[in-house]
Ligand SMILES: Cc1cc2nc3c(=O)[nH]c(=O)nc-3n(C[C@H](O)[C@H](O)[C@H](O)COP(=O)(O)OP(=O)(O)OC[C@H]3O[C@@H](n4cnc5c(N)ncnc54)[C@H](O)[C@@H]3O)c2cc1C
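We begin with a single chain expressed as structure tokens, specifically the form predicted on its own.
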């Protein structure tokens, strides 16, 4: 695929100067995310080689880009840090990729209203570090916190650490400034924001700024519980919900995840690891739940939580193991070292169906299956799954089809796909609902 025409390139250079790229190698780099598209799937996915890439540094440049694109009938695809693997940032052939990573500043902190305003590609970890200087912290954050940006989570949608108390990210966003396809700038809030911007993968416009709620920073308590089977875990989560314990975050891993962690190869030659040898706690290969909440809530939580865990056969693995797992909460993708590739799949299911969904996944997915679950407000369970594999093998095509099997299982039990992107665009009805589609 050739780059954009000389006229389009020169028009882009008038806006972005030397921040325009049309070299084939760079255009190819901007035509991927962290996922790998199987060879047999590529022909049916409407993606191709980008025609150019530009890097805006201001909202005014985004406006100029979309006005130009509208005038010349050029497709534009916004791209943040591309940490998702579902094709949401993949361009169609010849499109201009707007690399938004240059707009990553923290703009304002409102102590009175407990909100922060940031540019679209401000990285979660950087935001939280700045908030901590003022005794504040994020209400919730994704497992990709060290490398992902704020607007991407709004555009794709989702839950994360802290969602037990605060729900999905879009429920915590106050407003977002969006440049519409014709170049008009509009601020979205309330139902309009949830209806037209959240989960829309950038289709309705390019997010240039967003404001969301934050909370006070205080010491946390972390627990790690082991359960003998999926049903025991699900029953514990249901009892915790019924008891209305004021927990902040509840996540869990399946036994295969624990087993595969033990198979991770050592990073031989890494200077830090050789100078600071670290022995990981020996964890049972069972369902592990990680629970976090502020220390100030201990009187309301500790005794009742301990009782609920005991009733359902759970075992407290102790503070050392709990702190280790909490420190490792941002590294599920490190299991790629086993792969060397990963087949991703993510679904949302109601808590009441969790045990049945997990049992059916175990029965039908006859591959090692890394599973991380997040209990979100409203008794919604987000299941993030990876199948370690090797994209160089023909069997990788067949393994990729298993991601669709997990979605079918979720839908049979009242759930849906987690998000769309290009890979799961046919799931838009279940993700967004017919009216939003």
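Since we're looking at a predicted model, the values are computed, not measured. Positions refer to the first chain, counted from 1.
One more form of this protein, predicted together with the named molecule, exists but is not displayed; see below.
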Please run the contact check for residue 144 against the named molecule in the predicted bound form: heavy atoms, 4.5 angstroms, yes or no?
yes
Does any heavy atom of residue 79 come within 4.5 Å of a heavy atom of the named molecule in the predicted bound form?
yes
Quick one: does residue 196 come within 4.5 Å of the named molecule in the predicted bound form, counting heavy atoms only?
no
So in the predicted bound form, is the named molecule close enough to residue 286 to count as touching (4.5 Å, heavy atoms)?
no
Among 353-361, 148-156, 222-230, 239-247, which stretch sits within 4.5 Å of the named molecule in the predicted bound form, heavy atoms only?
148-156
Can you work out which of 118, 206, 291, 305 has a heavy atom no more than 4.5 Å from the named molecule in the predicted bound form?
206
Only hit among 165, 171, 201, 325 for heavy atom within 4.5 Å of the named molecule in the predicted bound form is 201
Taking the named molecule in the predicted bound form and a 4.5 Å non-hydrogen atom cutoff, the residues of 87-108 making contact are 88, 89, 100
